[in-house]
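In the block that follows, a single chain appears as structure tokens, in the form predicted alone.
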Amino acid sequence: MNLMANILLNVIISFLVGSVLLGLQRKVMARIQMRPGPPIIQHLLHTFKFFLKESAFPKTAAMPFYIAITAMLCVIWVAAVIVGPVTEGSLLLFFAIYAIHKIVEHNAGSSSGSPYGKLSCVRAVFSAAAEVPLFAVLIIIYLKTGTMILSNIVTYQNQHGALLLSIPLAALMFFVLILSKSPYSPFAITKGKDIVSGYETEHFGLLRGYLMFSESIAWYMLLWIFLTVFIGGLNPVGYLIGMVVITAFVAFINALTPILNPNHSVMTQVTLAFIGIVGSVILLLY
């Protein structure tokens, strides 16, 4: 299979699987809260629906930046697919992509001119401040394996066992990062119910479709990276099972936990990052 076909196949898989997993998350949350909930494929159907709807542009939008920002979000997560499943490249590159995502998330909110979007982009800065300490997981992984290349990390685990068992607190830090990007999570302050849909509030039609497309790929990639880095290279069935289990567990947490206010969200994540860093260093030394 040539490179372009491999990229296209992995992008399609990540979008379809990510969409169904986000739908599964809403379904599990609904069942826990004793509601019927939407069909599992609802997120996928909504994405296709927005691609077919007429696009509208608010008068307050900063054109053409307002349009370009949605395309940028798609591009960076397609790049994540290339760095991850396609080439198994550098973990450092993946986190650089995640950092760019935070910048794009901020600008998506400010570009629309909506007060809800502007408040969301301010909260995106708050959430970035909380998530940066979690990036220390990179240092811990490097100290343990001596490499940042995903294929080499997989090889290390084949020889020494899963990192989930040897540096569990680092895995916890990464899980908190995943949880923070989950819809309806206690750390989802950029899309809190008090600000409607956050930075997506003023995006309609095709633009909203691009944003939902990016969300699906982002969710798939975060789960893929977690499973690859902390469990090792799995076959497709293993990845699917792992993603379903993590998504269901995240849904359980989200269903039983209210969304925290920005200050509490930041302090909770920073505290968990501190515990993870100190505890992981102690485990590495002893």
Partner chain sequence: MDKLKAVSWFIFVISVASILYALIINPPNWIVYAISIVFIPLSILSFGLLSMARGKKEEEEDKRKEPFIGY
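Keep in mind the model is a prediction, meaning the values are calculated, not measured. Positions refer to the first chain, counted from 1.
The same protein also has a form predicted together with its partner chain, omitted here; what follows describes it.
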{"property": "Close approach of L164 to its partner chain in the predicted complex, 4.5 Å, heavy atom", "result": "no"}
{"property": "Partner proximity in the predicted complex: A188 to its partner chain, non-hydrogen atom cutoff 4.5 Å", "result": "no"}
{"property": "Non-hydrogen atom contact P58 with its partner chain in the predicted complex at 4.5 angstroms", "result": "yes"}
{"property": "L240: touches its partner chain in the predicted complex, heavy atom cutoff 4.5 angstroms", "result": "no"}
{"property": "I40, L260, I67, L234 - the one with a heavy atom within 4.5 Å of its partner chain in the predicted complex", "result": "I67"}
{"property": "Residue stretch of 248 to 256, 48 to 56, 220 to 228, 31 to 39 approaching its partner chain in the predicted complex, non-hydrogen atom distance within 4.5 Å", "result": "48 to 56"}
{"property": "Contacts with its partner chain in the predicted complex, stretch 71 to 94 (heavy atom within 4.5 Å)", "result": "A71, C74, V75, V78, A79, I82, T87"}
